[in-house]
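Only one chain is given next, in structure tokens, and it is the form predicted alone.
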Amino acid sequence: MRRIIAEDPYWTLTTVPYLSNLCLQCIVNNFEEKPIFEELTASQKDFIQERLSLSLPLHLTANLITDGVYWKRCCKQKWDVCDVSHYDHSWKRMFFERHLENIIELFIPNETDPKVVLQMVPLCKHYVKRLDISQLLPPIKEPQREEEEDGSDMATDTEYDGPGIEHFDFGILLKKLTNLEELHLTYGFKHCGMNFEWKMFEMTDRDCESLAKALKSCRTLKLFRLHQSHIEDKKCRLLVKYLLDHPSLRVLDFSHNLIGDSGARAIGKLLTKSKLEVLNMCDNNISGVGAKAIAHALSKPSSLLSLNLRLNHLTDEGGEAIAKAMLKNNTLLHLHLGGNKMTWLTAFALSEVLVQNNSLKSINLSCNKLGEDGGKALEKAMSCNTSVTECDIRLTEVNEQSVSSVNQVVWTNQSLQQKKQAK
């Protein structure tokens, strides 16, 4: 007589299921009509989560089913790639953050009912800490009627002009997300196809004002990133106006936009009236004049730890201003000035900083024309420095000997830093 039926994966010696399992399966089958979960033990909850239907309405499961296998199953059913490590290893947080992101990214102004978003708030507000919005759809363009009188079919460039042009209104959402700490935004359109319009990739003035007011109301926000959205000076100044004295904002990223000197002056004011620790203004249109405004803020007491001005147009006027400010600054740890059309004049000014400043940990001057004289000045200054553990002078026309000497000092400083941390 056979004792094992190997070809049947569900075969078991237990001919009759345990009564407790039958009861739990009954709870699973009738969960939508009569949800029972909190009264169960941990092992019983696991049994329920492994078998619950994934089609249950969110208003039933959101605040009842705890983080665990059920939410893992929901995530894996909805998305192919699920890296829970990016969500503090919380499957429930991953589900609600990505679900809300999808709703916002597919929201069509004047078409989608705002209730679709608002109905989600009570369900997800306790779990959403970060939103990464990679697209914001514009309103649907009305088909242009041909004028019968003259029969003209000439195309115009004003389809998206006018006060009604705007994207999703964050004013209805951010204040209600009481645990939101990070907001990443891009005003763009992923799959526009043959209907391409440049204005699909820009925020309007009304968008900007609405967003600015929403940011002010979100008192828990620690990181705000608005990149690749054609933000120019006017919009930058408006956003900064509402971010002044924000109680929790620590990281601000306006990279890859069109911000110039007027916007940089507003940023300088923000540095003196906020608790910012990281500022990224990479790839904008800031020249020496704007850099002076930021430098003026750096010369005053500040909480800023990292400043990225890569790929702007600072030239030596801005580089020397930043260097002068750094002589009075003892808090900044990381400075990136790569690709700013600087020469040996800036290298000379920064060499003085490297001798006197003991707080700076990393400096990036890559893709500037520092030349051999600039390289020698930095080499001499670095020989007196014990704090800098990163110094990037690639593609700066500095001779190999100076590069080698600077790198040797950097490696020595790294070793000293590691020994201090080991103690």
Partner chain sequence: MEKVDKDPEEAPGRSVLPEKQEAKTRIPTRKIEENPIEEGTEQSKRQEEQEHTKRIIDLQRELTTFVTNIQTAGDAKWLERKAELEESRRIRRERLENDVKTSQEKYDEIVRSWLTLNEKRMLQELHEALNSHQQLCDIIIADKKKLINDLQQELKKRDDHYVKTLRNNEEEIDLLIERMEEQMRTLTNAYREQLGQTETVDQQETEASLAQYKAEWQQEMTELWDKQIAQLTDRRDEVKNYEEKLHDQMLKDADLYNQRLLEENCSKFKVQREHQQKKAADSVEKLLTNIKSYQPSEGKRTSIKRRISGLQKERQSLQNELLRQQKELAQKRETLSKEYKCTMDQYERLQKQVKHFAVADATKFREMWQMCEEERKEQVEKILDLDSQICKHLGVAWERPPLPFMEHSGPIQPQTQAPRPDHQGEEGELSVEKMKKVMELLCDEAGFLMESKVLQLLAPLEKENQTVVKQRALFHSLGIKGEDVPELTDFLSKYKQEQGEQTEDVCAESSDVAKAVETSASTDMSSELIHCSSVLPALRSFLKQRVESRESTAHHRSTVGHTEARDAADYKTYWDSMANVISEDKLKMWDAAERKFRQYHVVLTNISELRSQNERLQRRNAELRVRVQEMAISTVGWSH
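It should be emphasised that the depicted structure is a prediction, and the values quoted were computed from it without experimental measurement. Positions refer to the first chain, counted from 1.
There is another form of this protein, the form predicted in complex with the partner chain, and it is not shown here; the text below is about that form.
This chain is displayed without the partner chain, yet in the model of the complex the stretch 308-316 from 308-316, 323-331, 69-77, 120-128 comes within 4.5 Å of it by heavy atoms.
Think of it this way: in the model of the complex, the partner chain has a heavy atom of just one of Cys367, Ala62, Val28, Val355 within 4.5 Å, and the residue is Cys367. Listed residues Leu54, Leu40, Cys384, Leu395 were compared with the partner chain in the model of the complex; Leu395 is the one with a heavy atom within 4.5 Å.
Proximity of Gly260 to the partner chain in the model of the complex falls outside the 4.5 Å heavy atom cutoff. By the criterion of a heavy atom within 4.5 Å, Gly171 is excluded from the residues contacting the partner chain in the model of the complex. Looking at Pro109, you'd find every heavy atom of it more than 4.5 angstroms from the partner chain in the model of the complex. Put simply, Lys176 is far from the partner chain in the model of the complex: not one heavy atom of it is within 4.5 Å. Residues of 394-408 lying near the partner chain in the model of the complex, listed in sequence order, are Arg394, Leu395, Glu400, Ser404, Asn407, Gln408, the criterion being any heavy atom within 4.5 Å.
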